[in-house]
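The form predicted alone is given below as one chain in structure tokens.
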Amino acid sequence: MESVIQVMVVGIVGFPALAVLALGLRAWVYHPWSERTTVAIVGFGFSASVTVCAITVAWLLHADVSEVRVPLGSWFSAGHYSFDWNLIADRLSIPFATFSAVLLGLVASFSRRYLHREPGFARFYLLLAIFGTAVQFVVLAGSLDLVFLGWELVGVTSALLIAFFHERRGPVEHGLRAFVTYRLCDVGLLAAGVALHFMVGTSDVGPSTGGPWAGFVVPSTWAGASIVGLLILWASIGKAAQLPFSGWLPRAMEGPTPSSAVFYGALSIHLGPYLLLRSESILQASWLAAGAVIAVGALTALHATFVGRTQSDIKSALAYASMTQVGLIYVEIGLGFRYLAVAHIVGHAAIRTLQILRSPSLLHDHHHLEQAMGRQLPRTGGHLERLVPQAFQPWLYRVALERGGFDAVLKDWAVAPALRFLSRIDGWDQAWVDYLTKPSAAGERRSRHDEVRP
């Protein structure tokens, strides 16, 4: 029976991957499926994934087993290193995998009418299927190496969907900003994997040590645990849009509303907290890393709360509301409230998905609610205003309107110097090429001159 469950666990990732294969091969020959067939293929992939998740949950409960590990062999090996395909289904991964497949299936169904006759209809569903496969890889990964594979696929699909309407300059610029932010933070995940291999010899999810679920093997020293924990935190804040890399999330709303809902309201933004939950054994071994998680979450929640109140469009307001809740989830993880963090993630993902999907109908919903109540809706957040001194409120409003100044700081102190440095390197490279080509050009002119002489 266990071998059957192992096949089921593979199916959680395999069915969305088959949908990617079916759509990708058809697009490769420039003959995409019809809209109805495209939706049916993607819907079947996620529905089948939900089904096998339910069967796996039922078997785990019936057999009273806490986890199932699925070794799928090795991809390649070099010296003492081997990249192994290992999946793990436990009390952390299976709820996330089930919830992810359900939300992806719902968004796929919703998008059928929302994107009807859109020129990029097939492209959207192909990216959605790739994203779903990548999310399941991250959730079920049995090692940090495999997490990195899914992590990168999530980042690529995210950037491509932000730039979905590529005929306009704005979406392309915002997609590029998100892509650069991901790349900058993904260095932390790669470095964490290298550090784990160097310190403990593996990046696999180790055996459970009495906690609710298994985690990565903890380095033997406090310094090692702190280094790995801080690197994983650095990697997580990019996907989760925590300070100081929160500016890309409001700009990500340039993409289609369904992708905004499933990416930045439900799944992608919560992969950072998921990675921290899987790494909680490392956080427990280092008060420095746990304290940094709490500090980042608290500062982000405070920042996003005030900035979100000055936003003039609903999508940006929801983006900052998502940042606030994810920041609070970070605080819960840092304090060791595991189950509270999981419940918070599921509840926040569900409500935020609904809010973003309904955002185009906000005014209609608002007026309908006022008619039902028979009066205007009260303003929210009045308790926050009473906590701030009157003389301090104008300054705070200006700072919130400028989004805390983080965009200007990053532009002036990070982006601009980097661009100047790259431009200087490009100038040096061009000068070197000119230097190498000038003698040959002079020699060629002399040879031509010799040929024409009698």
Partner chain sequence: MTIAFATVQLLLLLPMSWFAGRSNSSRTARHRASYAMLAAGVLAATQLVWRAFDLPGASWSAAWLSMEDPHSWVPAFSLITCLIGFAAIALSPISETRPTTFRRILLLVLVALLFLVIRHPIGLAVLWGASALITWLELRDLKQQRGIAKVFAIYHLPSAVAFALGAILLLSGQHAAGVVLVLVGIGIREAVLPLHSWFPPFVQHAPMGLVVAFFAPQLGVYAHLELLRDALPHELAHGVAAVGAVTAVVAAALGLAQTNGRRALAFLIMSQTGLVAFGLDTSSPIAQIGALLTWQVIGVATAGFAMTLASLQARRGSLSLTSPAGSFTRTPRMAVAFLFMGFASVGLPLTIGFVAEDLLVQGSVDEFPVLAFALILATALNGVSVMRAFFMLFSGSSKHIGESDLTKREAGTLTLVMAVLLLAGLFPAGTVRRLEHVTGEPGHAVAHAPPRAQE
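Residue numbers count along the first chain shown, from 1. Between two forms, the rigid core is the largest collection of C-alphas that superpose within 1.5 Å. Quick caveat, the model's predicted, so the values are computed rather than measured.
The next section is about a form of this same protein that is not shown, the form predicted together with the partner chain.
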Query raised in the report: Which residue among F179, F306, F99, W213 has a heavy atom within 4.5 angstroms of the partner chain in the model of the complex?
Result: F179
Report task. Note which of L153, L103, I88, A285 lies within 4.5 Å of the partner chain in the model of the complex, where distance is taken over heavy atoms; exactly one does. Result -> L153
Report summary line: For the partner chain in the model of the complex, the stretch among 240-248, 213-221, 73-81, 344-352 with residues bearing a heavy atom within 4.5 Å is 73-81
**Report entry** Distance check, V194 to the partner chain in the model of the complex, heavy atom within 4.5 Å
**Finding:** yes
Query raised in the report: Does the partner chain come within 4.5 Å of any heavy atom of G175 in the model of the complex?
Result: yes
Report task. Evaluate D64 for contact with the partner chain in the model of the complex, applying a 4.5 angstroms cut-off between non-hydrogen atoms, and reply yes or no. Result -> no
Report task. Classify L160 as contacting or not contacting the partner chain in the model of the complex by the rule of any non-hydrogen atom within 4.5 angstroms, answering yes or no. Result -> yes
**Report entry** Candidate spot R168, L422 and D429, all three touching the partner chain in the model of the complex (heavy atom, 4.5 Å)
**Finding:** yes
Report task. Let me know which residues along 134-153 have a heavy atom within 4.5 Å of the partner chain in the model of the complex, or say none if there are none. Result -> D145, F148, L149, E152, L153
Query - Rigid core superposition, A431 Cα moves 2 angstroms or more between this form and the one not shown - result: yes
